[in-house]
Every structure is written in C-alpha cells, then in structure tokens.
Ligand code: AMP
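Shown next as structure tokens: one chain only, the form predicted on its own.
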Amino acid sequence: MKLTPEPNGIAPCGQPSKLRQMSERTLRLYDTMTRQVKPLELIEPGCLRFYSCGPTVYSYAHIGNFRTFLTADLVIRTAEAIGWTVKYVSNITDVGHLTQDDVADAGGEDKMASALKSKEGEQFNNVWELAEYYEDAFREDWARLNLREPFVRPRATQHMREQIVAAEQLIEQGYAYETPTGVYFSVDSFKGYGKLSGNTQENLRKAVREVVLDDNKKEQADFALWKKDDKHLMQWYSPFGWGFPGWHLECSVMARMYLGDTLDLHAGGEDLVFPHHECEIAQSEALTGKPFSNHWIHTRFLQVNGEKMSKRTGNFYTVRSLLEKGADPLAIRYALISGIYTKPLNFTDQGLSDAMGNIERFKRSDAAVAAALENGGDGPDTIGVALDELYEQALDAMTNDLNTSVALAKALEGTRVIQREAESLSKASGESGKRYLDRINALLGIVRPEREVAGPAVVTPASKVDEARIQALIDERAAAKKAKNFARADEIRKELDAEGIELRDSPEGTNWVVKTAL
C-alpha cells in the first residue's frame, strides 16, 4: 500500500488566496535541530506544509497545552500575513498514548483507558464516548481562543490500516522486528537517531537502565510500533495479532499521508522533543529515505504563579476553569501569547488581569471605529499613516521568530492612536481604524472573536454583572472627581472592588474588568 498522497511524495498545497499578495518578507523561526534562528525554506515557494502535534483527548486540555497550540496558530497567521498559503494539519490522539511517556518505549496504561476508570470517567459508558466528549470540548476551547482550524484534524483511530502497513514496511526494510509482545523499531538500525534531542544510542543505553526491562527487545532503547494486547479497551487486528499502535507511529503516518514525505515545519511542546519527535524522525526517514521535516519548533513550558502547573498544588487550569473565574477568552489568549515561545512563560494573576484590561482597549477602539463609520464626518484621515506604520512594525516583529512582546506593544499603541481621537474620528479615519484592527486581529487574534462556539456557553461572573449599573457608577465617580469630591470617588471604587469589579483609569477614560484570581 502506498501511503504518500502524490507519486513524488509532495502533498498538493492548493491555490494562494486571491486576497493576499506575496510580500518580500520571510518567516524566521528558531530551529530545534540546528539550534539557531533561520528562515523557513519552503519546498514549494509560498506554500507552508505544517504539522503540529495535537492533544490526547482523555481530559480537558490545560492552558499549557494551549500555549503550544497558540504558537502554531501564530505561525499560521504570520505566514498568511506575508502572503503564504498554509496547509496545516493537527491530529487527535485517541489511542496509544501511554501514561509513562518520558522514555522512547512508553509504559503504563493507555491514557484513554486510565481516564475511563477515573472519577470523571464514570459518566461515560465506554472509552469511545469519553474520546468524543473531550474532543468536542477541546474544539470548543480551541474556537473560544480564536485558533485557526486545520485543513484536516485526523484521529489516530481513523488511520489504523495505514499504521499497520507502515509497521509492516519497516519490518520488510530491516528497521523493525516482531516479538511476542509487539513490533519494535530498532534504534541501532537508524544511524541518525538522537540528532534532534542529542539522545544518542549510548546515552539511551545508560538511561534505560532505570526503566523496567523487556527481555523480548534487542535493545531496551527500541520503541514500539505496535503493542500486542488482546485485553486493551481499544484494539485492532493486524498481521501481528490483536493490539494497538504506538503513539509515535500515529503522527508519522498522518503527517506523511496529508502533507507528503517531507514537511516544511513540525511543531509541538518542548516535552515532545524526546522521545516523541525523535521517534517520528526515525520512523519517517527510515520509511522514505528523505528528511521528515526541514524545520522544527518547540514551545517552552508554562508555569503558574512561578510554580509548575499541577493538580496536586491546585494551580492546574483549563480554559473553561478560567472562564468560570471571570476571564475573557481573548484575555486568556493574550496572556498566553504575551511571552516569546522560546522562553518559559509565567502565567500570573497580574498577567491575566493586565490582559483583561488590554482586551478592553481593543474593544473600546473597535466600538469607536464602528461609531465613526456610522456617524463620522467628512474630515481627513488623521490616523491612517500612523496605524499602517504600527501594523508593519507588528508584522516585522512576528516574522522575526514570533516576537509577540514587540508585536503586542505595537498593537496596543495603535489603540492609543484611535482612542486619542475617539470622539472626533472622521469616516476616513474610521475606515483606517477598522483596517488596522482587522489586520491586527488576523495577525494576533486579540481584537474580536472570529467565529461562534458551537458548544454550550460557559457561564462566567462577567455574564452576571449589571453593566448599566457599573457604567452609572463610573459616570458618578467621574462627576465626583470633577467636583473634587474625592471621598465619594474613592468610595465608589471600593464598592465596585468589593463586588469583584476592577476600575482602570487611563488618558482615554475609565474602563472596568471582572477581577480574576488563580
């Protein structure tokens, strides 16, 4: 069976958008393989073939997962902003990912089966229902955070035949062998093993001495392509007997099927460098004799208030748990992209609170622009030149290794340009303001939601507040300050603060956010 989509092993990319023109810019990213920032060199000019490892759907994805997915999203948005067409694939793992996955040949239970036995899993009749529920929840959170949809989101369980055939081919080519417990990839047979992570065969031999040994394997560093297990909750029949595929094989097969033998770019979290991506490289390059991916990027870990995120310490957060605390989904997105992906990010109360305030700036600017388009006069465009320059600076920052710190600063500077003239914007200025906010939203996804969420709404504290009353108190406070009645003004601030409403004063006026506490 031939797995490649085209005879030459290159998946068709499709036509570039007529709305975009190729710019002279390129996209420079840190490459994990070469340990340097370098331009993305595309196999086909103007077409980015991009694979990013998706979630294992055994529970709600946490905000650390979404930081990684947002890195991929920013790659897509930046590539499209410079006129490239992006063929993006992100998978769903719904079988084969084991609980002890920090070594090449993982052990323990399948994460899906383990989740079904948990307290949360009691609501499901079987593992298939559990997978469907958490995949739907993941898609809802994905939409809430304004992430772009992949052109395909393949599930591991939908591509079982291809994985079985790949395992057979690797045996035929001498890279894999069968044992009573499964089919294993021989690490010694692939001389390039370790080139991404630095984990050479010799290093691995030392490391696996700490791991439970399997006497059926030639080398303990060898990893499974297929696990024989006729008692597993999710199993398929293969030439090797009943069982399920190895986690690493799934991504190799699906990436190759939809994007061709060689990818332009492969992404994931830093925890996937080894063993997952190292094993993907070995399998894929052994099968094709070609480079698996020409560029690799990995997002560094997320901390919460200076500590590793953990359920045991009570600082483990999902998107929906933050929404229930009053966070705006766009503010969550803003906070998660506020730090550069190549450095660890500390997600804090203050950071989320600041993100809430900044999102309000975009909302107010959007409202001011809409008002100008409807009621503005025929005066000149007084903001267009400044906004165009700020957008170009934001785009330059993003093409330089996704420098979100600079890009977000430039985006916010644009809101100040709009707000300074908010009461007197002409229609021409309104048009420039709308163009700017539209372009910033396309680049960073922080101005407004891009689509409705199909799933049930999450009820948040923000949805229960009386906005009219809050605005009336803000107006009263402004009048009190004007009359030098500072005691009453302070009293109003304290009253709202006690209700969980934080007032934020700026040269453009006073706005409010619902306070969140992690």
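Residue numbers run from 1 along the displayed sequence. Predicted, not measured: the structure shown is a model, and the values here were computed from it.
Omitted here: the form predicted together with the ligand. The next part is about that form.
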Could you tell me which of 466-474, 46-54, 484-492, 27-35 sits within 4.5 Å of the ligand in the predicted complex, going by non-hydrogen atoms?
46-54
With the partner left out here, if you bring back the ligand in the predicted complex, are 365, 439 and 446 all within 4.5 Å of it by some heavy atom?
no
Going by heavy atom distances of 4.5 angstroms or less, which of 402, 302, 164, 356 would be at the interface with the ligand in the predicted complex?
302
Can you pick the one in 219, 271, 109, 135 that has a heavy atom within 4.5 Å of the ligand in the predicted complex?
271
In the predicted complex, does residue 309 have a heavy atom within 4.5 Å of the ligand?
yes
Answer for residue 97 alone: is it within 4.5 Å of the ligand in the predicted complex, judged on heavy atom distances?
yes
